[in-house]
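Only one chain is included here, represented as structure tokens and corresponding to the form predicted alone.
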Amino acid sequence: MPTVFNWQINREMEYPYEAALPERQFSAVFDLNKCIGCQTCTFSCKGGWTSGRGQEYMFWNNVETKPYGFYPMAWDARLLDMLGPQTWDGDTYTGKTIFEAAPPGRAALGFLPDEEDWAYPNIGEDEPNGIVSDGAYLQIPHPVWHFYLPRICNHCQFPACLAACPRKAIYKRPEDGIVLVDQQRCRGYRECMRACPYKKIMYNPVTRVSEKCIGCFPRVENGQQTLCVANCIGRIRMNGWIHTPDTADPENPVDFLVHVRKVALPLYPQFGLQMNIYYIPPVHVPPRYLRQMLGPGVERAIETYRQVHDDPDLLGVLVLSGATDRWINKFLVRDGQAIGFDESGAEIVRVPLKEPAFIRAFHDAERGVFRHNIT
């Protein structure tokens, strides 16, 4: 089997195909500190792409409440148990990836969910870990906690779905790295569903082919961010192009968050897919839990995020998140403002780093009234 270098686990690993980088790679960063679990992203995607027959159960975008939420049921817990011990030596993963742990005759270690596993998209919603007892008080990280985890297809550099497809019906677009299914070639064997560790490829029982998140590629081709990003009311998301660490552009928002400040991390990097959706970890959750989910850079990412008030460049990227539905290729922070530019270098958005605060008098003498909300 060929070997490829996966920078997220800092070593070479086995993969069924030789490495082939696209011209540029679709990516996104989600800030988990700001997600409120409103599911607006879920239903903007649902209304846009999965309203047809056989798609009723499909949520290409979903938001889970961790630690007890899953869609499908126990998608990560089951695979983590199958994979066994996952060990790191610093930033280098020393355990097996799902490709290296694959049983004979399979491209990747995985499982095929039962139909019932897809029946509970809101299981565990808003359920915290632990019980609030007498004498409890606020601590960071919280002893009782939960957080929301929004998920879409990761459009991986080394997709397990692509590796497992016996029909070669799955491919990465060379122009943007978005992973798609050729539904003319697909025969619905569901080997892709078995292999994808994130279970973000789904089977349509009516058309009898596999379907998945398409990265809203018609919007991307027109310089727009995806539906889930553009409709996020918490402004937690930003699309962008990502480069490898050695070619990172510090003026590129996603490169800046992932490679420069290193506050955005991949989901289960130990699986070995070099995924392209990244998460800023929640600061209130115990790092021990987050390490097994987001890798060994969690503590560093949380500390950097906590110091954002002293980092105008990082603050600038974060306030640009959700500030426009256009694709931001470059950013600049100047004179207390964050400025976003499109591919041609034209300015498309300008946002102040800090919004002005106006303090109103408790008593309005002109109107003869008292204000309850005085800020």
Partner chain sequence: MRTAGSMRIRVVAIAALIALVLTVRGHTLSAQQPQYVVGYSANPVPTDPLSTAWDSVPAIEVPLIPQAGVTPALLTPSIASVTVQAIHDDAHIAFRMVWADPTRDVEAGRPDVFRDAAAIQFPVAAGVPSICMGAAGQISNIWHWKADWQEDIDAGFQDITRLYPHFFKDYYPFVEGEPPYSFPDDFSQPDARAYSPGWAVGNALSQPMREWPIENLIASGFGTLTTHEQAAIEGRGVWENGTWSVVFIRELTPAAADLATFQEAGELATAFAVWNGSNEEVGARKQLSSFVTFGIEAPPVTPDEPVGEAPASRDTTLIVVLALLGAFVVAITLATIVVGRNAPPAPRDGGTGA
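Numbering follows the first chain given and starts at 1. These numbers were taken from a predicted model, which means no experiment stands behind them.
Here the subject shifts to the form predicted in complex with the partner chain, a form of this protein not shown in this document.
- Listed stretches are 141 to 149, 178 to 186, 282 to 290, 241 to 249; the contact stretch with the partner chain in the predicted complex is 178 to 186, by a heavy atom cutoff of 4.5 Å.
- The listed set Arg190, Arg235, Arg78, Arg300 contains one residue whose heavy atoms approach the partner chain in the predicted complex to within 4.5 Å, identified as Arg190.
- Taking a 4.5 Å heavy atom cutoff to the partner chain in the predicted complex, the contact residue among Ala107, Met275, Ile170, Val258 is Ala107.
- Residue contact check for Pro72: none of its heavy atoms lie within 4.5 Å of the partner chain in the predicted complex.
- At least one heavy atom of Asp114 is located within 4.5 Å of the partner chain in the predicted complex.
- Heavy atoms of Gly54 reach within 4.5 Å of the partner chain in the predicted complex, making it an interface residue.
- Using a 4.5 angstroms threshold between heavy atoms, Val132 stays clear of the partner chain in the predicted complex.
- No residue in the set Glu64, Tyr68 and Pro296 has a non-hydrogen atom no more than 4.5 Å from the partner chain in the predicted complex.
- Contacts of stretch 193 to 221 with the partner chain in the predicted complex, defined by any heavy atom lying within 4.5 Å, are made by Met193, Arg194, Tyr203, Pro205, Val206, Thr207, Arg208, Val209, Glu211, listed in sequence order.
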